[in-house]
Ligand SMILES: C[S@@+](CC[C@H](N)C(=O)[O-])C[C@H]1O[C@@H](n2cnc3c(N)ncnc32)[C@H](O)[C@@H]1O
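Okay, here we've got a single chain as structure tokens, the form predicted on its own, with questions on binding and movement later.
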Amino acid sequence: MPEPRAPTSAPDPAPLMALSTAHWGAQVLLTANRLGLFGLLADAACGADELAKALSTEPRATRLLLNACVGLGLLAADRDRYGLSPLAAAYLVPGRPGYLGDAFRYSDDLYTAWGRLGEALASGHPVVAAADYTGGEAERTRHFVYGMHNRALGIGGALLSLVDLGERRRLLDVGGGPGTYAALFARRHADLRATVLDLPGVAEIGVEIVAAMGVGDRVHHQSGDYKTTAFPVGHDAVLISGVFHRETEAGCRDLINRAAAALAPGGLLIVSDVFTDAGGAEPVFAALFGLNMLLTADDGGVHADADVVQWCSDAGFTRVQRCSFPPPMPHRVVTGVRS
């Protein structure tokens, strides 16, 4: 008789359960941020009833939200009083240096769009019009631009540590949104002058952001569409950050070629974005980010950094290099020199 087979153990379904309810925690964070809960607790802990009154929410429901925030590590509780956790104090209080609340407001704006992923997969088209958050709707545009600014303040420090401009003093920031990266480079290099090219509704908000960063005299916004507006020439550095995920391969190659034409000999091209490994499935954040762009941009997606290296080489750039930002940031940068 055949030997009885030992029972095989089934995989643990816990990861599936966690994925299926991941939106619960996300909505707690986004809703609390939208309501202004963390700003209310910036100076001192408060009781649940006091917070309900300040938020104009129902007391019992408010307590459920507060307890969920405690469980998620956003708040700390002492009897009936709730205060900020160190994580929330660092990143969720308006006005503090690490504030990310505007970035989360943009995520909040996209929450319902993710529920329409099947629709986007069937059509191959976004379910959110890019024009809505790049000038078409004032509030959504402000969330988007300030969200980019919040993220760029943290990402930009890493970018500056990875990219050495050397003696280059004229920077063109293509699709630069708020101009945060250009402003950070200008702070690092006192002789740098930068032009930030972006859509009028975005540029209008970017001007106020750059001015608040103290370099409005050296970083200027030029209204235009990077797809069609001619790039001003004579720059010795061109930055294209957070743009390739909105473009097809053909669109990316076109931007690289136009950047080459805008650069003086020896000029530096800097392409920074969320890129995947070859194959497109790793890192997982980058793969998911590609779907986020499918939902929000006509040609949205994600590219592999190895492909970008090849496209730069094909365009005649030399000394093409790629490197990753320090963990946990998912970004990578590709650089090349115009020969």
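From 1 onward, residues are counted along the sequence shown. Quick caveat: nothing in here was measured; it's all calculated off a predicted structure.
Beyond the structure shown, there is the form predicted together with the named molecule, which is absent from this document and is the topic of what follows.
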(message) For the interface check, one of 96-104, 260-268, 74-82, 199-207 should have non-hydrogen atoms within 4.5 Å of the named molecule in the predicted complex; which one?
(response) 199-207
(request) Using heavy atoms only and a 4.5 Å cut-off, decide whether all three of 189, 195 and 217 touch the named molecule in the predicted complex. (result) no
(message) Please determine whether residue 144 contacts the named molecule in the predicted complex, using a 4.5 Å cut-off between heavy atoms.
(response) yes
(request) Using the partner position in the predicted complex, report whether residue 91 sits within 4.5 Å of the named molecule, counting heavy atoms only. (result) no
(message) Since only the chain is shown here, I'm wondering whether residue 126 would be in contact with the named molecule in the predicted complex (any heavy atom pair within 4.5 Å).
(response) no
(request) Although the named molecule is absent from this view, report whether residue 151 comes within 4.5 Å of it in the predicted complex, heavy atoms only. (result) yes
(message) Can you pick out, from 232, 251, 224, 136, the residue that has a heavy atom within 4.5 Å of the named molecule in the predicted complex?
(response) 224
(request) Taking 4.5 Å between heavy atoms as the contact cutoff, choose which of 120, 184, 256, 243 touches the named molecule in the predicted complex. (result) 243
